[in-house]
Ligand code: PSU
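Next up: a single chain in structure tokens, the form predicted alone.
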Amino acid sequence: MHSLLNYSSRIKKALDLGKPILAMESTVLTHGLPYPDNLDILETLEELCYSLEVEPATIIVLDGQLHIGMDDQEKEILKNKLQHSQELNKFSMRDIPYAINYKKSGGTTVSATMLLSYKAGIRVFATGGIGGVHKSWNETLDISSDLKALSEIPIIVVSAGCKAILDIPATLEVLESEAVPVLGWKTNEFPAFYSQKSGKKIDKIESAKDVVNIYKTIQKLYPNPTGILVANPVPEKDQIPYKEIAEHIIAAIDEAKAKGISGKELTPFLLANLAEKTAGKSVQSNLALLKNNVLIGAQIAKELK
């Protein structure tokens, strides 16, 4: 086991026994949802994993310690920090060494979670949506390190596409340039986070077995194996039509520009803005797609074992 990582008792046991494990990121807890809703969703997602006989490994950084899965003690530390509004950062892959050395606390983005999952020997990860290319990328060069992680770290990532606030065609172009397979779960259209369809065509897969076979082929074939993005649409009953949400996104981006909000602060601002403009419908949709991605991620984790 990796010396920099702290494994929860359940994850340690699951690794020893070769049980299926599903990694989950923690920025949804620290930045995506308000307290106490964030702890409720953590409980919900972990319980969902247990019901599917898969061990959930929520990955988080607390006081410079890298945690693979949380025991009750870590959950209590997180709850205490949330209750007292203590500083919680948003860590991408590049921030982890700094966080360790300066004993910082925070949630892990997709890139950081991929890195730590890989080091922990976990190969399947469920998230909400990946980061990607921001709409004003030609002015700001704002491109998420999630795409770099997908091109370099051989992890299967299940998400509802990329975050709805992003430039979807540009994000898909980068993934294509980096030879990262983008596979549609029972769909040939890339989902747009809150919406089932973006209008962009991708390769369709039908089962967890398909994903695992493609993953194993990459391992054998590529000199430097990439990750895989499994694009899993939000359930139809929970989606917000693309045209409807697009108008709110454009308005939110304009507001962020006017307020000079950029970088790591941009996504939390835009998500909060959308929650307000859709009267909480975007939050409901977000929770539904998170559960749906855990459901598919668990199937793939079981198949990979």
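All residue numbers are counted from 1 along the displayed sequence. Fair warning: this is a prediction, and the values are worked out from it, not measured in the lab. Definition used throughout: the rigid core is the maximal C-alpha set that superposes within 1.5 Å between two forms.
There is another form of the same protein, the form predicted together with ligand PSU; it is not shown, and what comes next is about it.
Can you pick the one in Leu48, Leu42, Leu62, Leu271 that has a heavy atom within 4.5 Å of ligand PSU in the predicted complex?
Only one option qualifies, and that one is Leu271.
Go through Arg123, Lys200, Lys90, Lys104 and name the one with a heavy atom inside 4.5 Å of ligand PSU in the predicted complex.
By the 4.5 Å heavy-atom cutoff, the listed residue in contact is Lys90.
Is Ser144 close enough to ligand PSU in the predicted complex to count, meaning some heavy atom within 4.5 Å?
Yes, contact at 4.5 Å.
Classify Lys264 as contacting or not contacting ligand PSU in the predicted complex by the rule of any non-hydrogen atom within 4.5 angstroms, answering yes or no.
Lys264: yes, in contact with ligand PSU in the predicted complex.
Using the partner position in the predicted complex, report whether Thr171 sits within 4.5 Å of ligand PSU, counting heavy atoms only.
No, Thr171 stays farther than 4.5 Å from ligand PSU in the predicted complex.
Is Ala252 one of the residues lying within 4.5 Å of ligand PSU in the predicted complex, judged by heavy atom distances?
Contact check for Ala252: no, nothing within 4.5 Å of ligand PSU in the predicted complex.
Tell me which of 71-79, 226-234, 125-133, 173-181 has residues with heavy atoms within 4.5 angstroms of ligand PSU in the predicted complex?
Flagged stretch: 125-133.
When you measure heavy atoms, are Ser8, Thr58 and Tyr118 every one within 4.5 angstroms of ligand PSU in the predicted complex?
No, none of the three is in contact.
Taking ligand PSU as it sits in the predicted complex, which residues of 212-229 have a non-hydrogen atom within 4.5 Å of it? Please list them.
If the 4.5 Å heavy-atom criterion is applied to ligand PSU in the predicted complex, 212-229 yields nothing.
Cα of Gly280 displaced 2 Å or more between this form and the one not shown, core superposed?
After core superposition, the displacement of the Gly280 C-alpha between this form and the one not shown stays below 2 Å, so no.
Once both forms sit on the same rigid core, is the C-alpha displacement of Pro34 at or above 2 Å between this form and the one not shown?
The answer is yes; the displacement is at least 2 Å.
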